[in-house]
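Here's a solo chain for you in structure tokens, the form predicted alone.
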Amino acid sequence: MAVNFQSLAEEFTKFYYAQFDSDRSQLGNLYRDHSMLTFETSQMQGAKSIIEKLVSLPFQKVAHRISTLDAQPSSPDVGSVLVMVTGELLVDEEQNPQRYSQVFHLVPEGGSYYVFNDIFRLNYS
């Protein structure tokens, strides 16, 4: 059965950002030991290292607002999906949102998906 990759991307990002905004330490189950995160200029591999990075970010409160979301199948054989997100985030008590871009490569596993690649970048104008 063909995956509706746009719906998958929308459901995934809704869950991911809600969890990130409420308690990012609980995102570990979305990554595997071979998953990789590029956060600005830092790269880390493995669920443990990724979560350590996310938890160490220098803010207490964060709220993501998605502006655009695009998705494409990334492999006809595996059923993986590329997701590209742009948006704004508000951190702590800041009034001016920061623009960001994020790409997820979602790979199927046991009836669900995990994040194989995650690339995050703030966009400065």
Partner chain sequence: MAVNFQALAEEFTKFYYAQFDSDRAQLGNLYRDHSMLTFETSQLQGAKNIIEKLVSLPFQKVAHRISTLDAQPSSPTVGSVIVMVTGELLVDEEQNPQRYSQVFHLVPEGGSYYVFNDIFRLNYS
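The structure displayed is predicted, hence computed values, not measured ones. Numbering follows the first chain given and starts at 1.
Same protein, other form: the form predicted together with its partner chain, not shown, and the subject of what follows.
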query	finding
Distance check, Phe116 to its partner chain in the model of the complex, heavy atom within 4.5 Å	yes
Arg24 within 4.5 Å of its partner chain in the model of the complex, heavy atoms	no
Touches its partner chain in the model of the complex: Pro76 (any heavy atom, 4.5 Å)	yes
Heavy atom of Leu30 within 4.5 Å of its partner chain in the model of the complex	no
Its partner chain: the contacting residue among Leu82, Ile51, Ile66, Val62 in the model of the complex [heavy atom, 4.5 Å]	Leu82
Neighbours of its partner chain in the model of the complex among 31-45 [non-hydrogen atom within 4.5 angstroms]	Met36, Leu37, Thr38, Glu40, Gln43
